[in-house]
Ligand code: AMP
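The form predicted alone is given below as one chain in structure tokens.
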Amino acid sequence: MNIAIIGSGGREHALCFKLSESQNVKKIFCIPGNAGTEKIAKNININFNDFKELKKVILKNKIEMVIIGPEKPLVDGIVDYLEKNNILVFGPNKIASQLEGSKTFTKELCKKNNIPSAKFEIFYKSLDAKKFLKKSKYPLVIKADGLASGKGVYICENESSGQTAIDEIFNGKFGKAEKLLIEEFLQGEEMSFFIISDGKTFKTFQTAQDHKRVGEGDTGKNTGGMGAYSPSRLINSDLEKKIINKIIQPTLKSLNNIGCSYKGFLYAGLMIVNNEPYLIEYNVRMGDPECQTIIPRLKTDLFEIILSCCNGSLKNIILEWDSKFSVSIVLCSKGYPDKYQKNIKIDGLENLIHSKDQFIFHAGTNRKNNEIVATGGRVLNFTSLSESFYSCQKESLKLINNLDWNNGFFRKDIGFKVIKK
């Protein structure tokens, strides 16, 4: 089968890599892809947010199935559009994608269905939100309502920082904002919990822990993710049952009640407090960089899994996983998450030697004049599988240091909470 993957990041390269292993995949197209995907797929550089142009490319290249990587096209209704044009597509529809597209949609769904999450208030005016700050306990959390590339969340220690957050959100730092959320701060540890669903059946798709902060020790500004490890140290059979019974199943049921079945990956960002799960947010696709640390552990044919979701037969698939641990470290452009230079050459990347349990996934890269250049803030993902988290981290760091890219930086402590040296 000819398939297409929409997106250009590390997540899409990881998906492309795993799909390329399937004997049932004839040809892969990445739209637009990056310098890593071009080795195993055909990159097509178009604006995938132009759905009509995308449809032309799909028909021209006889693409039989489309897999959506990033959130924006999902929230904009790409699945609905392709399905109306009789194109097989993997991902949730526009209504279901509001789980990520609107934080207030999700919070109100939680409230209505008794899904455990932080207490919250919704504000439509800056003045009202700032009045609320005066009677609030700190720390508290302020969130932009819509998509913000993982950066529209503020943990505010006092009223002054809260006012700054409100001003930045309403002034359009993350796009036009008609409302924002103010939530209580939950004291616990975060965990990423994934499922995959065909609209009738769902299966768990591993756990991970993302490091969002730019600085070591989880300090500094929020980013799209500086690295991740899998599985989460918090997961156990009792907690998994609670997550499924209290959060996942009620969410899918509530969508069914409004005539909307969920098809695709669903990523629950959780806060675990004394082995009790609270929903922080939903993402309606695989996480990034969580995908890059989870996918290498998958032993089952990813194409068969996704195809079964498209035709409603996921219940017949058994998901098998490598028992090894995984750590993925992100190499970023200097200056990220603020200003950074683009089109900087990355020397020596193609000559870097690594084992079968090590993976280099491209994120913000492109090929220009037959050279690989960095085009984004998060540039490369270095993932290692091993029998211990310590060994995983050690091997990923060794690989990055062997590259020795002077224009990049990375965190040396990804996975520090689970690593005992």
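Quantities reported herein were computed from a predicted structural model and do not represent experimental measurements. For every residue, the number given is its place in the sequence shown, counted from 1.
Not on display, but discussed next: the form predicted in complex with the ligand.
K.L.:
Among 185, 321, 132, 340, which has any heavy atom within 4.5 Å of the ligand in the predicted bound form?
P.N.:
Flagged contact: 185.
K.L.:
To verify the annotation, which of these, 203, 212, 173, 72, has a non-hydrogen atom within 4.5 Å of the ligand in the predicted bound form?
P.N.:
Going through each option in turn, the one that passes is 212.
K.L.:
Is the ligand close enough to 118, 143 and 190 in the predicted bound form that each of the three has a heavy atom within 4.5 Å of it?
P.N.:
Yes: each residue has a heavy atom within 4.5 Å of the partner.
K.L.:
Could you tell me which of 326 to 334, 302 to 310, 347 to 355, 279 to 287 sits within 4.5 Å of the ligand in the predicted bound form, going by non-hydrogen atoms?
P.N.:
Comparing against the ligand in the predicted bound form, the contact stretch is 279 to 287.
K.L.:
Can you tell me whether residue 235 touches the ligand? I mean in the predicted bound form, with a 4.5 angstroms heavy atom cut-off.
P.N.:
No, residue 235 stays farther than 4.5 Å from the ligand in the predicted bound form.
K.L.:
May I ask you to check whether residue 244 falls inside a 4.5 Å heavy atom distance of the ligand in the predicted bound form?
P.N.:
Flag for residue 244 set to no.
K.L.:
Answer with yes or no whether residue 155 is in contact with the ligand in the predicted bound form, where contact means some heavy atom within 4.5 Å.
P.N.:
The answer is yes: residue 155 has a heavy atom within 4.5 Å of the ligand.
K.L.:
So in the predicted bound form, is the ligand close enough to residue 195 to count as touching (4.5 Å, heavy atoms)?
P.N.:
Residue 195: no, not in contact with the ligand in the predicted bound form.
K.L.:
Counting only heavy atoms, which residues in 58 to 78 are within 4.5 Å of the ligand in the predicted bound form?
P.N.:
The stretch does not touch the partner at all.
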